[in-house]
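Two forms of a single protein chain come next, each set out by itself as structure tokens; they are called structure 1 and structure 2.
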Structure 1
Amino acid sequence: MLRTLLFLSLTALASAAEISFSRQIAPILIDQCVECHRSGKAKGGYRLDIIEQMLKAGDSKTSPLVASKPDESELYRLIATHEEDDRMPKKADALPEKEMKLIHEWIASGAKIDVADKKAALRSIVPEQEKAQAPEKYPHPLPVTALALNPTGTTLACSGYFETTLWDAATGKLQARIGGMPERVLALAWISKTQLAVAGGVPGRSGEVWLVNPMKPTERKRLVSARDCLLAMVASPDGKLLACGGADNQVRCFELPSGKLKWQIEPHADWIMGMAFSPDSQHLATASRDRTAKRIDASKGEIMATFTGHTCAVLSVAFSPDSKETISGDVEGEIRRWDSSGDAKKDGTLKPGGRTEMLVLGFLDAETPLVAMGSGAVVSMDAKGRKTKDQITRYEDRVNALLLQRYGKTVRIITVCHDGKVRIHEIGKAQPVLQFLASPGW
């Protein structure tokens, strides 16, 4: 009997010793704790987003981790306590018993951290999980949520399921499939021949941004691993910067082609729904569910202006061709014009028609905004007359992305919809010059 008990005890200790901080503990802390204990939001003076910070005491001055002693470790005590006023995470359910037990066993076995670089961010040390494979043939057309055109105007990149698909812009034929991408691809930016940026994730679970070489898809680099989905991303017209934002309320700006983080801020109190770079590449505009839009200095990440004229969630933004004026569109069908100081322009409210989402904004010229709507309509506006100038097209489903392509005197409008179709229109022609389903197998 004694031998059996000894064997079981040794087995339990060996099992605990095998717990990996990077693979098993860090993901729990990222999901449950990091949002309230990170740079810029360190509640109780305690941070968990960086390993070396995680090991330092917060305002309580009590050690967060005492090797081999879970009950003396403040981190464990606060997640295990039955006192709701003290228990972490605050204003949320207690950790599942399985996760609590895992953390207890990890500390009991010595709280070993299997990472050499103690200055590393928790998100950066979690091993990349193997992604699901996109189906060889889609069972039904997939809604297209993101679109990008390569610099030569010959290839379109479209969103897919765990992949990005590449299509011939002249024929609509499938050229290539880039796998290993976020489950939901919600933004694309084709920066150069060898750089395609892909953003997305899983709402409420994860967000990612990748730089991929479309010519050699194995050449890739993950720029962001976020706690929530990335919803918007844009590259500066000069090709030197890439900015992204989403459901974690953060805006990150990277230098190109290196992918080095230039700055990161939290300019909004809610999700960032839309973004745009000014034509001169000097400023970035953001649209948020917190009912505001902002103008940000692209070189420093400093907020230059805040527009508060909307009464509901703001979904889209665009700069005028001279980079001085900004327009923003909201969820209830209004577009507002505002200047570089964040002041509304006189008679600057445009209403393209109906209480529908203003999903994408652009400019055909200085006084002709272009808007794609949740109703399926794509129209141009007379900014001075504050009325619809021309209905370019009308679909039966929401328009998720829109691009302008100019060559010579020809202007093309490329759209993707929730019905899974890519359509290319030329201004002046009633019917699309090309349309196709951007789902492999269809």
Structure 2
Amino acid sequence: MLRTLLFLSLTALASAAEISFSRQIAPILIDQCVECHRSGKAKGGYRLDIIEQMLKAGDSKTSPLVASKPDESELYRLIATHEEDDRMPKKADALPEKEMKLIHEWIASGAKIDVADKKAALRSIVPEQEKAQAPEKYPHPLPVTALALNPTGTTLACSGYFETTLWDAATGKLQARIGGMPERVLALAWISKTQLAVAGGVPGRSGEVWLVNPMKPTERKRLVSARDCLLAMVASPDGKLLACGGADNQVRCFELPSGKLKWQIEPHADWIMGMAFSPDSQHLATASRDRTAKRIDASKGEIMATFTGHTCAVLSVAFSPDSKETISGDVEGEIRRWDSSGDAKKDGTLKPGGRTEMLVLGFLDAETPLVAMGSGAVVSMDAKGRKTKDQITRYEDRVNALLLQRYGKTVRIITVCHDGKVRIHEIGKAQPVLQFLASPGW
């Protein structure tokens, strides 16, 4: 009896050490390589979106995989080479050491493929990951990093840990939890009754965008699976387009409601931190860590203007209500105004709050820019007078997202903060009309 048990546990150990192609290797290739090596885009004449294809040499006629010989395998040679120009993934950082080692060990131990059907697509063989679950009760309040309001203004969607939570906007009561979302949700856009877009990921590892039906959350579709985190996402006011950007420096634009990719460009040399659609839905603005902000034609994906007036990373952008002007805010506390050709406006620098990040920008009305800052303040500005007009709120912690809601003459400002709180303010009232912690069970 004892002997059988010992035998069993030893075999369990042995098989645990064996590297699984479908669970461990395929996800790396999907995230890092398939984009350039697939049907319709086989760089170097090489595809690895299908197992059978992955085993065949490309233009070099050198075997990509030689069982037990990593150093003779072109695939391994190209990910491990120190020649940056040759290295895969092309024009990107080298794979993390852990992943490179895993591929090395997998080839060294025979490059076994644990799937019988060699015509299978890589994407189809990865087992539905045992994704970490959202906690039933949050052990402490989680910073809220994204916010959206449904089209009728009755429900708020907030970021959670591997989930998106829905809250009654009148009472602050939890309505629903949508699980299976990225670990960090960094942007939300509520497009229609049946479409909520969720973007996020894990920095340096993965980026995702999902379209979910909030009424029936099992109805969902993944629009993007990128190799780095998505940081910004916006829907056009006419509801026809959804654009996202992030740490892979790419901007992708999708048609709605289909979710079909319309265009994809790399307008920046560094992370895309903030985005906005013009009120007329014609243009898109991007803010980047590369110190520039851009105006892009939303129908074609062509860059129309580049604003180079910032001297540090740009975090946020907004269009004026007539869609003509743009304002952009940076990490060191400056907001600049520029026109549709990318030229700075005269007297176009606003400094509302000292050296703190300008995290979210908006317009209260045609003349009044609004900003939420790293210091926790939300202020409106006198655009011409270059000074703060009104301090609307001051919180203890950074304001990560801000929304404006208008009912007739009443304007509400909804914010979410690093302290985990959602607060709804009405302009003119000192105290919030509603505040709650968006951490279920807390």
Ligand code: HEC
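If you superpose the two forms and keep the largest set of C-alpha atoms that fall within 1.5 Å, you have the rigid core. The first residue in the sequence of structure 1 is number 1, and each one after it adds one. Everything quoted here is computed from the prediction, not taken from an experiment.
- The form predicted in complex with this ligand corresponds to structure 2; structure 1 is the other form.
- With a cut-off of 2 Å and the rigid core superposed, residue 290 has a Cα displacement that falls short of the cut-off between structure 1 and structure 2.
- Comparing the forms between structure 1 and structure 2, the C-alpha position of residue 112 differs by 2 angstroms or more, with the core used for superposition.
- Relative to the superposed rigid core, the position of the CA of residue 178 differs between structure 1 and structure 2 by less than 2 Å.
- Relative to the superposed core, residue 76 has its Cα moved 3.8 Å between structure 1 and structure 2.
- The shift recorded for the CA atom of residue 55 between structure 1 and structure 2 is 8.4 Å, with superposition on the rigid core.
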